[in-house]
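Just the one chain here, the form predicted on its own, laid out as structure tokens.
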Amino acid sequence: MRILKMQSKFLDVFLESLNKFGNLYGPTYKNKVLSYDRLANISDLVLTDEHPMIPIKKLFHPMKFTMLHFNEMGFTPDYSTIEKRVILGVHPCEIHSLLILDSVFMREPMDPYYAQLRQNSAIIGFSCLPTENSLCFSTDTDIVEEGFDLFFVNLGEYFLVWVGSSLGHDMIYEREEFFDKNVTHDDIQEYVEWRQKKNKMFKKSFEFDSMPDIMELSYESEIWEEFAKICLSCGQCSMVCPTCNCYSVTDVFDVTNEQIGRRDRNWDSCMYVDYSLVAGGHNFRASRGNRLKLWYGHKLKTFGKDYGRPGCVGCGRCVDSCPVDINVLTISEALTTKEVPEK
């Protein structure tokens, strides 16, 4: 992997030049909320340590879209959401989350909508420093070695730039004059010191590596029912989690001709009471305790077994967003101490 150096003063001009490779997307403020969205101007890009409220999965696994149109003769897939894109300002944990979603959606049978969005999107990653609820040091997702085309580490007056793909090389060649091939020993030392400083800034942690065994041993724990008493089943944890990928499919018929319609796909959540409802009125997870157990089982145990990567990337969004303080920190602490936080 090639590593180059670029002075910070060239950043905006370089990033703007990437519109040759596709429409520019990145974190920007929309109604005063940080969100991944299309950038009208490079000045709208917000490079910050804070996470957008909704993770990058919204750009690859959209909240709602039409999959196909149908009539009595058959169906036609709708790929109108597919476009060439360059997504800027992606943090390491978000890149890790895309690698997990790849394992889900790119395995056979491949999801053609996700696959085409992924194949038509370049990822330009940027380093970040821990915020109040960052857990990525615990989950080993604070550093990324794959899954990006370019990755920028901010060292103040300059960036170290990792080139992660042939497309990344093509992007560099567009403004080759901005990049210095000579990365010195002093640059390396500054990068090492930055890593050390970053590691000391984490305020919260949990025993992530031991959680698969703890989850297995705690399957019948009374802790799940204790948390179920305060859980609202609102699904907020699923919406903000970068690796949650559940969806429902609905056929919408034309009101004038029931043989014509479209098939829509929408985000769903296993935390909703009717998610596991099947024909005959049977519900495999009618209790909140069982739904909590399933959700945290995915995050802390079974994803690693089934897909080779754990389902939690340590972004801390569940810690930020749950209105009753149920998250990977409180769950892991309760399973090891048998104490549920008081409300």
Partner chain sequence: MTLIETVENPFKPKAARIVRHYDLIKDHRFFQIRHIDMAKAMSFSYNPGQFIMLSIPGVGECPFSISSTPSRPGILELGVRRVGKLTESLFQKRDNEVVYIRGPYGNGFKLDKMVDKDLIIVAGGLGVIPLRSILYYALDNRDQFKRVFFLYGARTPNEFLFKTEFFQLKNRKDIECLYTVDKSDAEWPHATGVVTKLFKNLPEIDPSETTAVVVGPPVMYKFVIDEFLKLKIPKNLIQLSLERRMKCGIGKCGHCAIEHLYTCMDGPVFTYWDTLHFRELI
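Residue numbers count along the first chain shown, from 1. Not measured: the values here are computed from a predicted model.
Heads up, the form predicted together with the partner chain isn't pictured, but that's what we're talking about next.
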item: Proximity to the partner chain in the predicted complex, single hit among 138, 245, 133, 121 (heavy atom within 4.5 Å); value: 245
item: In the predicted complex, the one of 209, 145, 180, 251 near the partner chain [non-hydrogen atom within 4.5 angstroms]; value: 251
item: Interface stretch in the predicted complex with the partner chain - options 123-131, 92-100, 73-81, 151-159, non-hydrogen atom within 4.5 Å; value: 73-81
item: Proximity of residue 46 to the partner chain in the predicted complex, heavy atoms at 4.5 Å; value: no
item: Any non-hydrogen atom of residue 174 within 4.5 angstroms of the partner chain in the predicted complex; value: no
item: Contact flag, residue 190 vs the partner chain in the predicted complex, heavy atom cut 4.5 Å; value: no
item: 4.5 Å heavy atom contact, residue 110 to the partner chain in the predicted complex; value: yes
item: Sequence-ordered residues of 276-302 touching the partner chain in the predicted complex, heavy atom within 4.5 Å; value: 276, 277, 278, 279, 280, 282, 284, 285, 294, 298, 301, 302
